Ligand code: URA
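One chain is shown next in structure tokens, namely the form predicted alone.
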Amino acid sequence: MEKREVAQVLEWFSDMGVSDVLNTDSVKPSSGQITSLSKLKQAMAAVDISIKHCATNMVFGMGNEKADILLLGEAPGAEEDKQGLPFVGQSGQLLDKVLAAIGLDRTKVYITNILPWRPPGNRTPNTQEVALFRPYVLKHISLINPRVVVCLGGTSTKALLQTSDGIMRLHGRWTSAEGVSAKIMPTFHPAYLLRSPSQKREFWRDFLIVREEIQKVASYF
């Protein structure tokens, strides 16, 4: 990230009410000026980062804004970038099938990503990009206030938990993260399952654990 971008990032963090911006490992969102999803979207749209200029659309989030379950992905893919909506390509279709199998759909969950713009060539988000958007992700989660956050894939899991452990080790077990009141369930990214269908059974088991947890509090099961 260039010095000009760093200076702008620090200014935006200050404007949105985020403290401790000089240490991205300890950035914590405060109430600040971001008190609604619309204000959060506006703040994120104002971030001038290089991947933004390579993308077609900003992909913010979609679903039930009072959902008990928030699904957190990595970054938009080609179809998501085209439509401006998260998980609408092949991996999204697989995700919809799993949700339907446990009695859920997009009217009952909320879906977003670590990055709101598609990285060039559909590459994995880099360390600087994740560090930049993590405070926005924390704010996004706090505004939805879900009971459960499902991290889809290693990138979102590592970003939210601030860990170097891999998804193979972490999936299927409840965990927590500083600044997040919800229980967190790491699992595989649907795009990975399209390449490695043998892991679909584990993915399914992870979602059964999520369903069991939500059944305790949700009225729509």
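Residues carry their position along the shown sequence, with the first being 1. As the structure is a prediction and not an experimental result, all values here were calculated from the model.
One more form of this protein exists, namely the form predicted in complex with the named molecule; it is left out here, but the text below deals with it.
- Residues with any non-hydrogen atom within 4.5 angstroms of the named molecule in the predicted complex fall in just one of 126-134, 141-149, 77-85, 97-105: 77-85.
- At the 4.5 Å threshold, heavy atoms of residue 116 stay clear of the named molecule in the predicted complex, well away from it.
- Using a 4.5 angstroms limit between non-hydrogen atoms, residue 189 touches the named molecule in the predicted complex.
- In this stretch, 192-208, not one residue has a heavy atom within 4.5 Å of the named molecule in the predicted complex; the partner itself is omitted from this view.
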